[in-house]
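One chain follows as structure tokens, the form predicted on its own.
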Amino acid sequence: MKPEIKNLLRPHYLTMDGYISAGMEVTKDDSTIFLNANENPFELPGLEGFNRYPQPQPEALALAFANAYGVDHDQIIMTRGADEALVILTKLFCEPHKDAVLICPPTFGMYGVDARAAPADVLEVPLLKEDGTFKLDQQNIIETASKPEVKLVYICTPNNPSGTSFDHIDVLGIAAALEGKAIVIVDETYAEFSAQGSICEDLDSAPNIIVLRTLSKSYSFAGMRMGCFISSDKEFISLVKAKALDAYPLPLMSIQAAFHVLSPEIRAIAKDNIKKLLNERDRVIEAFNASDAASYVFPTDANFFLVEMNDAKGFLNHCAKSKVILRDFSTKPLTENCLRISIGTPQENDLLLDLLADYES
């Protein structure tokens, strides 16, 4: 295992024995009789196959993920959404009541929630608000994350809620400065919407970067909860499989659906839907830029945008009366009087813009 990861792991993970589930003992096929997992052998009508445990990390599905993200299949851990990866990584690297994670608010709130649940401390280096957008405070991140208690640094790009993509050169510079000191977790939940693309192609030169990906957004798969994390260190991935996952971490229905959604035919449809979303995003943003009710729309590389309103609460409540629900960030630092608005279907966006026009009048 690479020292940049091995030396930051909680030491007992290097020596402890993992649980070997029945599903890990042998690869399943239709000709084998399995009497090793205490499963009920009788199938229920309409639920054929669901009486059996699925493989914990199906290799064929890992290959499909690898093809989608341009990495090797043995660099991937598949999880129930990217959210589960946060819990696993916190468990692996953060000693309770001792270690800390670093976040850059405004950003995804679950980073801090999962850390505090460990419990681990949460240190904050807020984004810089400059030239009408948000930027990473690189030097402050490096200095703060160099403290011995900081084990994980979260960088979300494109960032939620701001929609900002951070330059890969900046992220790689932070990771290089923190090699041997901290793991840099790059959350690419919204990467498919960004022209910048993924940092995965640079993983071989950044041993302390772990990338989070999910099918929830770009692949219209939020209801199935399927994602993964990616590391260039294959020995680390093997350790995670053996010692850090639940016995049967992936539901069978999610596995089957993920095979379908990662097929060439469905991937082509997903890419077309991304183009439609980006066109709709530009249309909606243009209307907000022209509106007297909005004071500023922040640049975005995601399927949402952050907008500063003259009266955020007023517009939020106006939309809610018509059952159009927006995300309120108006009382948080750096996003005062701001709302985060997800891009919907053309019909849903038309309704939103009608409400905007009605609110203006």
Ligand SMILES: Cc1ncc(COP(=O)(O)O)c(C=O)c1O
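All values reported here derive from a predicted model rather than from experimental measurement. In this text, residue numbers run from 1 along the sequence as written.
Separately, the form predicted together with the ligand exists; it is not shown, and the next lines address it.
Which of these stretches, 211-219, 257-265, 175-183, 141-149, has heavy atoms within 4.5 Å of the ligand in the predicted complex?
Of the options given, it is 211-219.
Is there a non-hydrogen atom of residue 192 within 4.5 angstroms of a non-hydrogen atom of the ligand in the predicted complex?
Residue-level check for residue 192: no, no contact with the ligand.
If you check in the predicted complex, is residue 76 within 4.5 Å of the ligand, heavy atoms only?
Answer no; every heavy atom of residue 76 is more than 4.5 Å from the ligand in the predicted complex.
Taking heavy atoms and a 4.5 Å cut-off, does residue 105 contact the ligand in the predicted complex?
No, residue 105 stays farther than 4.5 Å from the ligand in the predicted complex.
Classify residue 81 as contacting or not contacting the ligand in the predicted complex by the rule of any non-hydrogen atom within 4.5 angstroms, answering yes or no.
The answer is yes: residue 81 has a heavy atom within 4.5 Å of the ligand.
Contact at 111, 156 and 225 by the ligand in the predicted complex, all three, heavy atom at most 4.5 Å:
Yes, the whole candidate spot contacts the ligand.
Here the chain is shown alone; which of 291, 160, 232, 198 has a heavy atom within 4.5 Å of the ligand in the predicted complex?
Filtering the options by heavy-atom distance leaves 160.
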